[in-house]
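Take a look at this single chain in structure tokens; it is the form predicted alone.
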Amino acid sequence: MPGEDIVRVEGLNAGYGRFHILFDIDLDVSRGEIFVIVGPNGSGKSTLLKTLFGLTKVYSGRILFEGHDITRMPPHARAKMGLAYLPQVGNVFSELSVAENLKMAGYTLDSSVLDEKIREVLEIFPFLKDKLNAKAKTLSGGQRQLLAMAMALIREPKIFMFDEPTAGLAPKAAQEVVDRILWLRRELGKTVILVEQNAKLALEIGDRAILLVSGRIAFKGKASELLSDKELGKRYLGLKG
């Protein structure tokens, strides 16, 4: 179950160059929870996730990970500390085979350790065993998302940050991705930060949530409370009352 804070954001203002996108963001993510970020298009959801991973310009404020200030830390250092960022697109090497993708994910590991990690993820995602020689671009959208999860697992992250993992997927594939996200928390105790355009789907599985509107937090609390808030849901999330 959720425990102490693993991520804390204090007074965060960030964006791209002179384009200020996020304003005065304060939030905390508890260890072992599924923390959901929802909001209308252009509200800053993906920018917030990218900022947590070090891919934007921070004007002011702090980002703490396990109590360490990582605000000015480069992405590769954050990844080494245990943050895994899975963007909506470009999260696998399309021209490489599945086997090569898995090896690339653990390129910093000793070969014997990497081989063991690959065996472990193939047991978790058994469909990959029959796809090892296939190029990643031949996989379905859902299969690519699962491959990206497998690649992240090889590095044993402490927190998974998903950016629109079900976007463009058929309902069955989307549900499989969601089931795997739930499995990461349930079986491995991983912390998940989930950015999703499908607000209903995300809020149904989340513990807590924030609603971003024009780069500012308009709601912060239990995911179930936001899901049941008919006014906010109808105004900002396209949810029917």
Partner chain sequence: MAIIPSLPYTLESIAYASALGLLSMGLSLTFATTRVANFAHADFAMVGSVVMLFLIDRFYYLHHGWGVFLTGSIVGGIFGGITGLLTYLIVLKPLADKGTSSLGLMIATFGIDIILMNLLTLILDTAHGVHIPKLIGASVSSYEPILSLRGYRVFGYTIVLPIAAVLLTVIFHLFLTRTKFGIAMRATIENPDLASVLGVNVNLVYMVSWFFSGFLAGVAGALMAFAFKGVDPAVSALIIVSVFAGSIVGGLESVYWGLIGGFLVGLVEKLGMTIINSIYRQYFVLHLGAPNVSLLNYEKLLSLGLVVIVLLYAPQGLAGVDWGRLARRLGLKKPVEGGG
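Computed from a predicted structure; not experimentally measured. Residue numbers count along the first chain shown, from 1.
This next part talks about the form predicted in complex with its partner chain, which is not shown.
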Contacting member of 147, 161, 121, 105, with respect to its partner chain in the predicted complex [4.5 Å, heavy atom]: 105
In the predicted complex, the residue from 171, 90, 126, 168 that sits within 4.5 Å of its partner chain by heavy atoms: 90
Heavy atom of residue 94 within 4.5 Å of its partner chain in the predicted complex: yes
Contact flag, residue 73 vs its partner chain in the predicted complex, heavy atom cut 4.5 Å: no
4.5 angstroms heavy atom contact with its partner chain in the predicted complex for residue 155: yes
All of 53, 79 and 109 with a heavy atom within 4.5 Å of its partner chain in the predicted complex: yes
